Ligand code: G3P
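Only one chain is given next, in structure tokens, and it is the form predicted on its own.
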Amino acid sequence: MSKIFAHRGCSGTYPENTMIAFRKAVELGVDGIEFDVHLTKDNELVIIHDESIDRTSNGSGLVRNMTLAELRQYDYSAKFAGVYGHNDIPTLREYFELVKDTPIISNIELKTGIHEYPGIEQAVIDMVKAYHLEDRVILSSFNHYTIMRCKAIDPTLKCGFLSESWLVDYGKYTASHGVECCHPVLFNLIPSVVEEMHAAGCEINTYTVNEEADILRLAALGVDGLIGNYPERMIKLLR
């Protein structure tokens, strides 16, 4: 059965990448939670999707140019402003405190596609190990050099190559670099592509799976993990 991952927490019904969205995902009993990590000016690991805070908060500026204290002056409720009160930008440590005693798999996307954040790979892995979560994480990135740096630090950690392109022999490419998972956008997953990835021994975790037809189609194809904004829909359909 396909595993169910809450994309940025329960981001369809709560502010994305916030503690309330993560808590609701835990309460639902999802298999995993997907979220995004950046590094602040004072080297704190924070959870937010964009390089800037403009879209998801009532502030403005780049994460890398602000300290955690500066970032916490703002409300990260995005389109849910005024609905669920004030929501801080979470730290990775706060998230790990929430899930450390649960079986939840943490799919951590390192957001190094625009700003590489030197040292972020080591910082994330150090915190994973501090919480003894090595067997419950997947490290992923669109920046495949980031994933190779993660593998150089600890080749035993499960990692995934993210892509939104129609890569030829995606599975073979992934496996040839010693990476365990393919993380393609859902539209790329036609039967022959799924077959190629699985033949290469790769786990497939795809995003962003929100519609009933896509949930059922991808589960029928044997895709390993479905990452969506409405995990409650996937739970209803697949369990």
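All residue numbers refer to positions in the sequence shown, first residue = 1. Since this is a predicted model, take the numbers as computed values, not measurements.
One more form of this protein should be noted, the form predicted together with SN-glycerol-3-phosphate, which is absent from this view; the next part is about it.
- This chain is drawn without SN-glycerol-3-phosphate; in the predicted bound form, the residue among 49, 172, 198, 41 with a heavy atom within 4.5 Å of it is 49.
- This chain appears without its partner; in the predicted bound form, the one residue of 162, 71, 128, 157 with a heavy atom within 4.5 Å of SN-glycerol-3-phosphate is 162.
- Proximity to SN-glycerol-3-phosphate in the predicted bound form holds for all of 7, 36 and 207, with the criterion being a heavy atom within 4.5 Å.
- Put simply, residue 142 is close to SN-glycerol-3-phosphate in the predicted bound form: some heavy atom of it is within 4.5 Å.
- Contact check for residue 75: no non-hydrogen atom falls within 4.5 Å of SN-glycerol-3-phosphate in the predicted bound form.
- In the predicted bound form, residue 111 approaches SN-glycerol-3-phosphate with a heavy atom inside 4.5 Å.
- Checking 172-180, 28-36, 58-66, 209-217 against SN-glycerol-3-phosphate in the predicted bound form, the stretch whose residues place heavy atoms within 4.5 Å of it is 28-36.
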